[in-house]
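Consider the single chain below, provided in structure tokens and representing the form predicted alone.
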Amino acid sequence: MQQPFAAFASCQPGLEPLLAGELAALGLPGEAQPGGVAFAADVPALLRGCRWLGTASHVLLRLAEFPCRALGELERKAGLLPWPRWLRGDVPAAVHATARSSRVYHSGAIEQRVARAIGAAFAAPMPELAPAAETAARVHVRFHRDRCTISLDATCTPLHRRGYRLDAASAPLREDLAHALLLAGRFSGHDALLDPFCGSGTIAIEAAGLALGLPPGRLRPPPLAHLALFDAGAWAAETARPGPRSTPAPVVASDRDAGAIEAARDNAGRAGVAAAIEFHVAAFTAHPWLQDPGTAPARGLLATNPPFGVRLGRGGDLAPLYQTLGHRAAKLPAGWRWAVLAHDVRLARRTGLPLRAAFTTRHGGLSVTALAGAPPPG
């Protein structure tokens, strides 16, 4: 029986506790560390994790770690590794290196020596990687304080690239951040979902996927398929699990921009959740649930990424918008909660809602904070 790999699921900074919770729910308990969660998994578990994790950006397999102080030593030690056990000779290997506080510091030279060691293991140079190609074995080499760690990416592209968002409105929200915002707001498939600033629909699409019980990686190529590690039988067993359930509560998204709604509908169609989402072209104040809270379901989550006033170039003072949003959201039934992603926490506080910071991370070069809350009991 194959020994489990030491693995590391990386994520955006601040999302580590949420990612650790996702791994634990998959039966893969791990240790949260800066930048991700360390855990152990065999190939079937790695396949399951790459398919179901919603807040991870990469899953890395730790192949080797050793002390190293010179490039020749690196090439020699890398050449001793059983590369044909992990890689396929017909798939290019792209080596990416970083170095910090080490005698070996030139990233280009590190990449060259490791690529040469891989080629020697196959008795031939690895196939060249075209600049635009995405199908490659991604080998990561990290030097820190004269220790070298070599890892292998379980997938070809970052996990947050779900495969459904070909059309994006202005300033699109990353899929993993939308997923994290929903988890921070304790979204349940039994709750309604409202996003009144939906843009390209990412929050609503991720919510519909959660409500339907769909894996976030359902549209991606099978993980490990580009590697010698791939187990077709384990993947067939994983994908044979029960199909989607029905949505017990409505998922609703609106935006005043008709173009954004058109893109959101297209994205939802590619994601396979179009039938589970109601899209409306409307200003947030015109949404029926915010105009007449009595028409809203008894339980739900308002999760949204309101205008920041930075990336979209929106002029003027956004405080009235946030104040109005908070005023309308506070009138929703008592079973509702709120989750807001904000660049300026002071603006989010202008909603007047009892929001608490759930995580702070980076998005599009900006610091953003997710704030979540619920009406006080009674």
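One rule holds for the numbers: they count along the sequence shown, beginning at 1. Remember, it's a predicted structure, so these values are computed and weren't measured experimentally.
Beyond the structure shown, there is the form predicted together with a small molecule, which is absent from this document and is the topic of what follows.
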The small molecule contact at residue 155 in the predicted bound form, heavy atom, 4.5 Å: no
4.5 Å heavy atom contact, residue 197 and the small molecule in the predicted bound form: yes
Partner proximity in the predicted bound form: residue 116 to the small molecule, non-hydrogen atom cutoff 4.5 Å: no
The small molecule contact in the predicted bound form: residue 257, any heavy atom under 4.5 Å: yes
Per-stretch contact check against the small molecule in the predicted bound form, the hit in 91-99, 249-257, 288-296, 220-228 (non-hydrogen atom, 4.5 angstroms): 249-257
Candidate from 189, 172, 272, 215 lying within 4.5 Å of the small molecule in the predicted bound form - any heavy atom: 172
237, 282, 120, 109 - the one with a heavy atom within 4.5 Å of the small molecule in the predicted bound form: 282
